[in-house]
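Starting off, we have a lone chain in the form predicted on its own, written out as structure tokens.
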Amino acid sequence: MSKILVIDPEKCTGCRLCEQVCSVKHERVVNPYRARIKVVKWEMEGKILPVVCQQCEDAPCAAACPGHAIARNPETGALEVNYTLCIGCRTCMNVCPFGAMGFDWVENRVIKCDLCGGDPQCARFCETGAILYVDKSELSSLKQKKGAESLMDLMTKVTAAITQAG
């Protein structure tokens, strides 16, 4: 059973608690710049999105790493950086399609989500439920439910508009 983090941007308030608990878990300091999850905000549009490693099946970061320092943990399914093999070239950062690879300027090394060893603190402490840790097999049904809810809302609006016009 392989699990992944799923983000619901509609539930995210931008509190950045996920960044705080991540940095405490990994670095023992409250420092969002050292977190493996980043909350991206578009202030003018009012949009917020926590960005975290998607643990890609065919991970570009692992494929591009010249030191073969990124490998999948067989127990958690997370792609992890082996710092004894990492040469610090940051190629992984350049090829990540989600911008989920980070750089810790204090330790001078790349960082990425390792799913906290199977107990992701960002999901555990997210008060709004915007970050979920789910089995990959549940992902399809979650997407279907979300899509059905959106379609139901749209159809309700369309029906109301037709009824009002008629």
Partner chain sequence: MALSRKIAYIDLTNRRVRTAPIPLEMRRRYLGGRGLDMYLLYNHVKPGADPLGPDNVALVSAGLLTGTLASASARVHIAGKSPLTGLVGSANMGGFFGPEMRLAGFDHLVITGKADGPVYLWIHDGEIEIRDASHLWGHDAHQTQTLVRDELGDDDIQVMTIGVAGENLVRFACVMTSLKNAAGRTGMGALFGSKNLKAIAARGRMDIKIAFPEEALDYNKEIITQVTSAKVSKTMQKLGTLFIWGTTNSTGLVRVRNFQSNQIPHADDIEPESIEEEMIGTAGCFGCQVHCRGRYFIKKGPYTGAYVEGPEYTSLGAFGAEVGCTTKQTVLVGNHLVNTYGLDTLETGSMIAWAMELFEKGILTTKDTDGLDLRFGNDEAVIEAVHQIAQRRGIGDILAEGPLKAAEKIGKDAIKYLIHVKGMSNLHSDERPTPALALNIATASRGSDHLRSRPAIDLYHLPEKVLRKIFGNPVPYDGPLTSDYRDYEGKPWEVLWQEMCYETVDCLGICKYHTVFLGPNMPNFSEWPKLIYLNTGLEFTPKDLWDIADRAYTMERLFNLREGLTKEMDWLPDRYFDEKTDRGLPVVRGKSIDRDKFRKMVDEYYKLHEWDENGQPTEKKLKALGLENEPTHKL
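Only a predicted model underlies this, so the values are computations on that prediction, with no experimental measurement involved. Numbering follows the first chain given and starts at 1.
We do not show the form predicted in complex with the partner chain, though everything after this point is about it.
Partner contact region in the model of the complex: 40 to 48, out of 93 to 101, 53 to 61, 66 to 74, 40 to 48, criterion any non-hydrogen atom within 4.5 Å of the partner chain. Contact with the partner chain in the model of the complex holds for none of 36, 89 and 109, as no heavy atom of theirs lies within 4.5 Å. Though the partner is left out of this view, residue 158 does not reach within 4.5 Å of the partner chain in the model of the complex, counting heavy atoms only. Under a 4.5 angstroms non-hydrogen atom cutoff, the partner chain in the model of the complex lacks residue 131 among its neighbouring residues. Of the heavy atoms in residue 113, none are within 4.5 Å of the partner chain in the model of the complex. The partner chain in the model of the complex comes within 4.5 Å of no heavy atom belonging to residue 154. Within 4.5 angstroms of the partner chain in the model of the complex, the stretch 23 to 37 places a non-hydrogen atom from each of 24, 25, 28, 29, 30, 31, 32, 33, 34, taken in sequence order.
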